[in-house]
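Single chain ahead, written as structure tokens, the form predicted on its own.
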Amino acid sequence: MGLAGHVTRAVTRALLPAAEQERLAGLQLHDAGHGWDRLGMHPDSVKLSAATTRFLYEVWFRVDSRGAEGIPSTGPVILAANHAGLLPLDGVMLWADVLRHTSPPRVVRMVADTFVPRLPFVGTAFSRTGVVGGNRATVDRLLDDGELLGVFPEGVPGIAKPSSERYQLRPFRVGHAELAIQHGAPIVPVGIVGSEEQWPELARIESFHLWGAPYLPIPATPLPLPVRYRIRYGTPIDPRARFSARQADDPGAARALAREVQAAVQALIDQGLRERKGLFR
């Protein structure tokens, strides 16, 4: 083990309670033969991220989570959530929440836009914790292996909408529905409240496309606001009850399933908004 490995384990031991370290020892990994999976995820990096996100999860955003017990403990599953914010902090909180509330612990493989893996340092750090680029071959393979995917079916339009339209979903893309039908994977709808207000945007540079980024946001505050996050999981939607795998290429079937998922996510968002007493409570 090199110096980086020793530092990683030392930081994890310092920041993560012993009971959680023991629980995460049960992480399942498709080891490619050298301690990593074929897409770069490493168990030590997962544990380090679990340790370093504790402050954000427990103190800064004070995440209120409900319904995670409905996430299937095994087999291919797709989490479909709304998406917002200058940075993908909603994805980070969802990742941490799933890791905390699944038994045995499951790492949600968040599917990032294609430009994210190209970002210097960030792309590598994300891949160590299980984030993958959004190409079809990769997600097909992960579902074949029975892994848990996390997707934001709104795509970039979800994070680019004006604040006056917060929590109003953009039309869901159908890729997650096609995958669910093809692989017989249940879709768990997820509503996230708090992400729309976490970091106000002052302006954006539309001409900035370095590494494929859609634009460069300029934050109005130096740090995200300590709004309270609410994450709500809905009942899994199992496509196997209505669709055969051959219907994955049927645009009508995929659109119908995507609309059903979007309606379920919107209902969970509305539930979270009704339960909210204020931005910070």
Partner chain sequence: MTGVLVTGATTLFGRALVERLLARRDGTTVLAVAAERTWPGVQDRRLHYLPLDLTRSRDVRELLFGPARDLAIDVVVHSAHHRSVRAKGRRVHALNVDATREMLQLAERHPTIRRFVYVGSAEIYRVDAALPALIGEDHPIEMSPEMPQRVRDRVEADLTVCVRMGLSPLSIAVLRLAETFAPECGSQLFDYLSSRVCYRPIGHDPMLDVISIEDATRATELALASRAQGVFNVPGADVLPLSAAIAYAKRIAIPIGASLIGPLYTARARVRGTEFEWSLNRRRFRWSGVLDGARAKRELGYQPQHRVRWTAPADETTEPTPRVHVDDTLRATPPT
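Residue numbers count along the first chain shown, from 1. Nothing here was measured: the structure is a model prediction, and the numbers come from that model.
The same protein also has a form predicted together with its partner chain, omitted here; what follows describes it.
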_Contact at 33, 38 and 114 by its partner chain in the model of the complex, all three, heavy atom at most 4.5 Å_ = yes
*Would you mind picking the one in 166, 209, 204, 141 that has a heavy atom within 4.5 Å of its partner chain in the model of the complex?*
141
*Which pick from 128, 173, 106, 170 sits with a heavy atom within 4.5 Å of its partner chain in the model of the complex?*
128
*Option from 156-164, 79-87, 120-128, 190-198 whose residues, in the model of the complex, bring a heavy atom within 4.5 Å of its partner chain*: 120-128
*Interface membership of residue 73, its partner chain in the model of the complex, 4.5 Å heavy atom rule*: no
